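Next up: a single chain in structure tokens, the form predicted on its own.
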């Protein structure tokens, strides 16, 4: 399955843990050449890289703080220098960034959350576009940009997470604009939108709250990181999804949002 991903050059931001790391290992197992990224180097990054290379393919780690535009550009340049181009970009970098009710939101909090979730995806995509165009032209197939959204982008998020939810809704909508602008270049844009997944994102919740949330999900549990990974492979594969663009793929165990 997904045999056409072999030797594809895949850059995955925010991929030293959680959903991003699970996706990186899945792409490596499919034979892709994978670039993983984190905000800092060190033991965590080294461990992630070992796990990805152990999955069976060529991989490299690239440190970059993607809340900064210059760092987004540097990441793309270093990946291209290492692998010769980009066939698939996965904008997975992001996070809660903290919780604050409306009356406590200041410029610093707003900028932190939006830079983490919105600027990172916007600017990495911007600098990757010439390479994605070249990939599509050279291969005769579509290049792919896949961004990680969230169920919060549909239903507003939990208490204190309004800016995080807004940043994901922003991303859900922005990729539809990119479809209009870049489909003629054979670049596809799609979203994988997780529901409640058992990652560090939910570490600030009590066990009681986690049980309450799990009980509200039809499948009765949080999702697992590895259950998200095949969705990224599907949307990256030209053979599987070459006529799919501008879509939001919900992976949430039936956890519906209004």
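Positions refer to the first chain, counted from 1. Since the model is a prediction, treat every value here as computed from it, not as a measurement.
In what follows, reference is made to the form predicted together with nicotinamide-adenine-dinucleotide (NAD), a form of this protein that is not presented.
Checking 174 to 182, 133 to 141, 82 to 90, 113 to 121 against nicotinamide-adenine-dinucleotide (NAD) in the predicted complex, the stretch whose residues place heavy atoms within 4.5 Å of it is 113 to 121. Between nicotinamide-adenine-dinucleotide (NAD) and the residues 190, 57, 231, 67, the one pair within 4.5 Å by heavy atoms in the predicted complex involves 67. When contacts are judged by a 4.5 Å heavy atom cut-off, residue 249 does not count as touching nicotinamide-adenine-dinucleotide (NAD) in the predicted complex.
Though the partner is left out of this view, residue 224 does not reach within 4.5 Å of nicotinamide-adenine-dinucleotide (NAD) in the predicted complex, counting heavy atoms only.
Put simply, residue 94 is close to nicotinamide-adenine-dinucleotide (NAD) in the predicted complex: some heavy atom of it is within 4.5 Å. In the predicted complex, nicotinamide-adenine-dinucleotide (NAD) sits within 4.5 Å of a heavy atom belonging to residue 197. Although nicotinamide-adenine-dinucleotide (NAD) is not shown here, in the predicted complex the stretch 146 to 164 places heavy atoms of 148, 149, 150, 164 within 4.5 Å of it, in sequence order.
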